[in-house]
Ligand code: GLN
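The chain that follows stands alone, in the form predicted alone, written as structure tokens.
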Amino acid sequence: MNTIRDILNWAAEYLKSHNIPSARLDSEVLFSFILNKDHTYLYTNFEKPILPEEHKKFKELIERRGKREPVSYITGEKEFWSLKFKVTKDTLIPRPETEILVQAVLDIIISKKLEVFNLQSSIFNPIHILDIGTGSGNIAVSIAKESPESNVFTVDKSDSALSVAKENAIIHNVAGRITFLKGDLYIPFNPPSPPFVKEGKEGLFDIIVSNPPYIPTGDIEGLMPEVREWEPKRALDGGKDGLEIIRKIIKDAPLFLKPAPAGLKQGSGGFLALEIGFGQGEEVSHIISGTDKFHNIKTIKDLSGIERVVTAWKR
């Protein structure tokens, strides 16, 4: 009977022969998934025999990976912000770099709270956040989980993606503070207005956040097969120069962001945070400044020194 060592060695060699760069790691992740054990269990039980049914199931998963299907789609989950998220082929797989976007929003939420407390106000209104193109809901759920004072509104064109996002909100016990709306960008907030819009759409949100499609159409064919052939193109394709959706978000953002409250310093109004692609920081900053509706435009780099997020305050 095959042992854990035997089956992992076979799987790693199989994946290497199919040009999978992370062959050993993927083998361990998938076998841990089959056994419902962590990696430590594998390392401390190398000589343990495996059952025929376990071998069969594992072989099926390895063959799927050999066809370049992403591990996260095979297991149906992906860790993000130290939380496990359900993912399907209808949703983009959450990336570690998107945690920079979440952190930027949480930092602003903290700063808004501090400003109110510094004014010795006894009233702290909930922070209203719009997440455009929510996908699996990883951004919205992570923010809601970390910030109990936040009410998050999510928009996505895909019914299937919204269904996944709702499941993730339920799993992480934040569904009561997230509103899920179907539509493209700001369309769900145009007349006739939803019941939570009392006096028109202007100034609905303290924060607008988005990880939009930003890959130029012509670059998609050059992506890794795991991305090009498996992830939803609507969540990847940003038009000819990759900035088509970003331009639309920026154009109407001032209408939906709140102005700075009376008595608070400039920079306390609506906040915009966008994830961007490689080399897009300067151009996106230029687009934002060109509206003459924002100030204090900044870029935030990831751990590799790549500009990953652009933020700005409504004037």
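The shown structure was predicted, so the numbers you read here are calculated from the model rather than taken from an experiment. A residue's number is simply how far along the shown sequence it sits, counting from 1.
Same protein, other form: the form predicted in complex with this ligand, not shown, and the subject of what follows.
Triplet P216, G238 and I246 all within 4.5 Å of this ligand in the predicted bound form via a heavy atom: No, none of P216, G238 and I246 comes within 4.5 Å of this ligand in the predicted bound form.
Can you say which of 145-153, 218-226, 164-172, 204-212 gets within 4.5 Å of this ligand in the predicted bound form, counting heavy atoms only? Result of the contact check: 204-212.
Contact assignment for this ligand in the predicted bound form, among I178, I108, L92, I127, heavy atom within 4.5 Å: In short, L92.
Find out whether any non-hydrogen atom of G133 is located within 4.5 angstroms of this ligand in the predicted bound form, and reply yes or no. Contact with this ligand, yes.
Spell out, yes or no, whether the shortest heavy atom distance between I139 and this ligand in the predicted bound form is within 4.5 Å. Contact with this ligand, yes.
I'd like to check something about T98: if you look in the predicted bound form, is any of its heavy atoms closer than or equal to 4.5 Å to a heavy atom of this ligand? So T98 counts as contacting this ligand.
Given a 4.5 Å distance limit between heavy atoms, list every residue of 21-52 close to this ligand in the predicted bound form, or none if there are none. The stretch does not touch the partner at all.
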